[in-house]
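Below you'll find only one chain, the form predicted on its own, shown as structure tokens.
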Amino acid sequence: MITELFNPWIRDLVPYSSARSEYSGSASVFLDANESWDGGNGGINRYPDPFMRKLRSEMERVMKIPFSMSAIGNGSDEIIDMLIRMFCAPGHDSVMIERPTYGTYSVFAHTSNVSVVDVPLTPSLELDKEAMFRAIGEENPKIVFICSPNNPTGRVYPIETILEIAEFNKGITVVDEAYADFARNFESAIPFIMENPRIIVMRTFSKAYGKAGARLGILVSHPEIQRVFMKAKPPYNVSLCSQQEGLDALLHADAVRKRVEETISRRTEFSAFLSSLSYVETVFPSEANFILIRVPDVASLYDYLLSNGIVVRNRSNDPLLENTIRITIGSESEMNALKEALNAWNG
């Protein structure tokens, strides 16, 4: 039963009743929320819809995410934080991650006094399924986080492996699919949620949809989890401006698809370019909008690029990723500037 997995104080929470959630139907005079009667254009003087109905309805049309299974967070970070607070008892429960991966899972666990079970990836940067099974059996984590395509490796994990782990794990399995749009022949975990209601999927407007500054994370879950999330989240967690940015992105889905195809094509071309550089030891295969490379002296290359006004990400502090740099696929002019600098580097 999903209800048994929730922290009881969250499951039984009586949500804050906001002014905008206490009526149904249409209205033209709003004197219920102590707002300013004048705030300029665009209705910014009014509180946003706490249920994000227009945005979620458009997501159902464009993304095919059922309305009853969707929720929006102030970035995926808020969703991660909320899920840990919904399911993990401070000082008692744990979450599990597979490093190297996105670092925020651990940060939000620690801020809630929830311990982190750390299972390394295999040397080939795949999920170590057997090690994960052992850790789940020994530690009984309330949440297992799996990022696929993984950040920072760009690796897509087989959906069969993810589903096996989610079935073995009696807690919640969160599959972070932030980079899914950039993966060829990607198979999402979303269609399997109703078969295994302990699966939660995260998506985002930050990557393919180009709205990182709007902070729009997407939760896709069984309706029972969605209902608890909606009552536990802050009532107005996503601003009117951000909701409008999300709607704008969905209304221009053709442009999004074109940008994704350009990014994938540029990733392929840049990967070949990197492989031609004598000082690049490894170009890791990527299904995301970035490429990870290994070089002999990562600090020197990082400082050199920075001196040329180019910022990349040094990932050498992650396990298994010594002397690696993660490079985001940028615009054509940005990539040309980077290639010029890399060609001039003598290592």
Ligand code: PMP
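Start at 1 with the first residue shown and count on from there. Since this is a predicted model, take the numbers as computed values, not measurements.
The next section is about a form of this same protein that is not shown, the form predicted together with the named molecule.
With the partner left out here, the named molecule still marks one of 242 to 250, 199 to 207, 85 to 93, 181 to 189 in the predicted complex; by a 4.5 Å heavy atom cut-off that stretch is 199 to 207. Put simply, Arg215 is close to the named molecule in the predicted complex: some heavy atom of it is within 4.5 Å. Gly75 belongs to the set of residues with a heavy atom inside 4.5 Å of the named molecule in the predicted complex. In the predicted complex, the named molecule stays beyond 4.5 Å of every heavy atom belonging to Thr263. The named molecule in the predicted complex is not approached by Phe229, whose heavy atoms all lie more than 4.5 angstroms from it.
Taking Phe270, Tyr157, Tyr102, Tyr236 one by one, only a single residue has any non-hydrogen atom within 4.5 Å of the named molecule in the predicted complex, and it is Tyr102. Out of the listed residues Met132, Cys147, Ile143, Ala109, Cys147 is the one that sits within 4.5 Å of the named molecule in the predicted complex by at least one heavy atom.
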